[in-house]
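Take a look at this one chain, the form predicted on its own, written out in structure tokens.
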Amino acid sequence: MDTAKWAKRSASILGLLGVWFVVGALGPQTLPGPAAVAGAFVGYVGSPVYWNAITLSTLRVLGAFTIAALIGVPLGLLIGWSVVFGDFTYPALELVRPIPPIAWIPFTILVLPSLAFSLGIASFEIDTGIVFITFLGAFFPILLNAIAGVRSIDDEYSRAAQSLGAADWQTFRHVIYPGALPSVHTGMVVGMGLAWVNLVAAEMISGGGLGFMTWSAYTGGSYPVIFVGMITIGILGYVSSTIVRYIGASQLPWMEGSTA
């Protein structure tokens, strides 16, 4: 990235901090300014509670996102490629998609119990409800973009491959899959961001992680800590989306500016 672009992006962040400083100085007393939040941040950096929350939330997002990609990409490609398969699967998925993450929480409590297991001297517990809600946030953007990517491919490419003797699986491998990759890439970037949104919503109610830490700070009146949680979630979401963006761009060398 060139110096000019770095300067512009740095100016954007500094501008946000400037607005925050002004609003914090002129706004309600319950709104902490950058200095108060920075002090709380310094205090929390040395706390195991903070790092445990980061680790727990990050593992939940990575696990849910990985599952969403493994299911959403092939399913979306098949729905977009096969009209018959799409007619059998897409309507049901479209009925489920608009349900907000909060509405899923009672369902997950009733149906998806936590899983506990041990490996040697360490024991682990997986809150499957939180992972499922996080999975939904990543799954649908990945699915819909994969479908759109396939349907945006000109039919002439498939017909040309078939006229040259390509079998259906060869057409899928060499025409459909690479043609849909740019849209799949976009869906994965968006899905990573929405995975964090759903995760925090679930953690605020179910407990544990950065979402619970942020909500506990609100109920306890520790308002600077609320911003510590929000900023941490924002940084982790930005970093994880950037990683997904660059990994995807490495698979799209023919697209100019894909790493911007």
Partner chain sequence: MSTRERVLGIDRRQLLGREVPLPPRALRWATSVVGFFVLWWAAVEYSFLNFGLFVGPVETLVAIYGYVLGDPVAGGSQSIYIHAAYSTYRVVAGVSIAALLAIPLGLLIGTSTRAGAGIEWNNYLSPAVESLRPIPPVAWVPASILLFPVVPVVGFSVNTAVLFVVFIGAFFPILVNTIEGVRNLDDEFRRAAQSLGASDRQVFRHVIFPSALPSILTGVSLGIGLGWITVVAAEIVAGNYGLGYITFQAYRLLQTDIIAVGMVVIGALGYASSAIVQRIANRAMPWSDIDT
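Here the structure is a predicted model, which is why all the values come from computation and not from measurement. Residue numbers count along the first chain shown, from 1.
Just so it is clear, the following notes concern the form predicted together with its partner chain, a form of the same protein that is not shown.
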Although its partner chain is absent from this view, report whether L31 comes within 4.5 Å of it in the model of the complex, heavy atoms only.
yes
Taking any heavy atom pair closer than or equal to 4.5 Å as contact, tell me whether P100 reaches its partner chain in the model of the complex.
yes
Can you work out whether A25 and its partner chain are in contact in the model of the complex, taking contact to mean some heavy atom pair no more than 4.5 Å apart?
no
Flag M230 as yes or no: does it have a non-hydrogen atom within 4.5 angstroms of any non-hydrogen atom of its partner chain in the model of the complex?
yes
Which residue, V131, L144, I153, V73, is the contact with its partner chain in the model of the complex, using a 4.5 Å heavy atom cutoff?
I153
Pick the stretch from 65-73, 51-59, 219-227, 36-44 whose residues have a heavy atom within 4.5 Å of its partner chain in the model of the complex.
219-227
Residues within 4.5 Å of its partner chain in the model of the complex, restricted to 67-90 and counted by heavy atom
G80, W81, V83, V84, D87, F88, T89, Y90
